[in-house]
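This document starts with one chain, in the form predicted alone, laid out as structure tokens.
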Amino acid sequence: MHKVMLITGASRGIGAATARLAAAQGYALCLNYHRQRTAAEALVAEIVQGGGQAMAVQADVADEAQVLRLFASLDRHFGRLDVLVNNAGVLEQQMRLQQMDLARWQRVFATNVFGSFLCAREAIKRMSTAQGGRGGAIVNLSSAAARLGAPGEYIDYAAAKGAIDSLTLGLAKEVAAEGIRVNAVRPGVIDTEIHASGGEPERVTRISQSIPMGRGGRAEEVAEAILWLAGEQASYASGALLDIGGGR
């Protein structure tokens, strides 16, 4: 049996790069997407054409009912889950905190924090050896923003990723004896489409001067770290927050 990996927000960026690498390593994939149906289905077709197994499932991870439907689809199609990658995330337009309204914070936390919680909860029900599962791994997507604070840009996003760090640390201890490892990667400035969502598509170019390695990262470099944490090579790693930020 192929190990099964669920990746949320898998239609582009780090999620898509993780899917391609996971497929190359023999994982069967459940690729979640919210709005990017065409991109998700194209990625599934690419993986299947390359000899892999993949399915795409639409769901807004911020909505509990849709998360339950996502996992029900996973159960019907694969009947098991070995790795959850909590990748789905959003950020909004750059601005100072004093300009932000509560609705913005609620949107950012709904996807980045509540979505990760809901998916982790459902994954544990299926993975936990205390509940008849085979164990597994959860890899959360945090951010260097959790350490740096993102002042003047995305303090709300940074706060949400700080919550992901705490979730990772606490959950790792909670389920360690049940065969589940929980870790997080904290990407720095990575060259993906998410920066356009914040209103500055060329943000990577601007910030690269402040990165010791002198460049932004690639989604594939983050994917390599995710796959390492998901695999047996990281069998003694749990509660780790792995920085992938070019030294920044």
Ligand code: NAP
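Start at 1 and count along the sequence shown; that's the residue number. As the structure is a computational prediction, the values presented were derived from the model and not from experiment.
Quick note: we don't show the form predicted together with the ligand, though the next part is all about it.
Heavy atoms within 4.5 Å of the ligand in the predicted complex: does Y157 have any?
-> Output for Y157 is yes: heavy atoms within 4.5 Å of the ligand.
Does Q36 reach the ligand in the predicted complex if we count a contact as any heavy atom within 4.5 Å?
-> Yes.
Evaluate L43 for contact with the ligand in the predicted complex, applying a 4.5 angstroms cut-off between non-hydrogen atoms, and reply yes or no.
-> No, L43 is distant from the partner.
Distance check, T111 to the ligand in the predicted complex, heavy atom within 4.5 Å = Within the cut-off, so yes.
The ligand in the predicted complex: within 4.5 Å of a heavy atom of each of G52, D75 and R126?
-> Heavy-atom distance to the ligand in the predicted complex: none of the three under 4.5 Å.
If contact means any heavy atom within 4.5 Å, which of 206-214, 22-30, 52-60, 175-183 contacts the ligand in the predicted complex?
-> That would be 52-60.
Is any part of 70-102 within 4.5 angstroms of the ligand in the predicted complex by a non-hydrogen atom, and which residues would that be?
-> Result: N87, A88, G89, V90.
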